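One chain comes next, on its own, written out as structure tokens in the form predicted on its own.
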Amino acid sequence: MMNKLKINCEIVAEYLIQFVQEEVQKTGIKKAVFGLSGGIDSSLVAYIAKEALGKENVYGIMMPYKKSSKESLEDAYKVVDDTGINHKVFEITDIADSYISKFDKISKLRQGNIFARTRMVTLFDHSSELGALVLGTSNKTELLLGYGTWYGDMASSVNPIGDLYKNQIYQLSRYFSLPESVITKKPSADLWVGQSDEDELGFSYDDADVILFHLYDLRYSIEEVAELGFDKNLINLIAERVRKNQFKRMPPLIAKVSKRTINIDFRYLRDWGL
């Protein structure tokens, strides 16, 4: 069933390169900045952006916390060395800890959200300093599942990989010849020591991709997906997660009191003012 997720990497790569080039440059901006964690998603964005804008116009910001994986930082440097893009290490430990220290107890979830939002504050500030747009690094699997921090790692100006499932991210990463250590390591948001995406989600990306593809791209019913051999409880779990996280994929809800309410009736193209 995974063959249904197979993409023509040459065509998709060409399209995404052109997408980044057009969507960034039509604003009058020539540069892009993004968070480079050393994970496969942000690393793929580095290669796409480099081809689209030129290595001199791309800035990968590494934002480790004191407990972040050293291997991830090493992989980020491999990407920098391979692409030649600009880079900067901006450790978020002092900023995050100064806030966390105000509480007697704070959960791992809250800490993870603090780290993600601190990183996004850092990125958008760098975008102002550099005159660059922030590129997103969330893939389609994560966006559908809501596996990300609202106004944290899910925030961006332009996202070139948000319509690619995780399996398709791997396909395209091999096409761009990303470092093997980036491709083969266990996916992790690196929000705390030992954190793993699939362990936290409770299911594999391979299963999630196939289920999500059939539910939302092909519009199968839950019963039809179950006929493919998946446990119905898992399908329901994934479908419910997508439903509950719809708010993360939408702009803020505005109470309608006028005839033309922003985000409800005031519908213009995103680049209307450019």
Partner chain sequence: MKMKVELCQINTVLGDIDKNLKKIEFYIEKAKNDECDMVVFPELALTGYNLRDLVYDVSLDVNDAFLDILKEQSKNIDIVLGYSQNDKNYFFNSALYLSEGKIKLNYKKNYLPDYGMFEEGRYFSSGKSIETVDTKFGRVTILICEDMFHISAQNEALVNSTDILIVLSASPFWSDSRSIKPELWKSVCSNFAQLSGSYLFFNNRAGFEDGVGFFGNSFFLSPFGKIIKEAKMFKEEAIMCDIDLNNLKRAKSFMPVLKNEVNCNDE
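Positions refer to the first chain, counted from 1. Predicted, not measured: the structure shown is a model, and the values here were computed from it.
This protein has a second form, the form predicted together with the partner chain, left out of what is shown; the following refers to that one.
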query	finding
Interface stretch in the predicted complex with the partner chain - options 22-30, 64-72, 39-47, 225-233, non-hydrogen atom within 4.5 Å	22-30
Heavy atom of Ile11 within 4.5 Å of the partner chain in the predicted complex	yes
Any non-hydrogen atom of Ser258 within 4.5 angstroms of the partner chain in the predicted complex	no
Any residue of 45-82 that, in the predicted complex, places a heavy atom within 4.5 Å of the partner chain	none
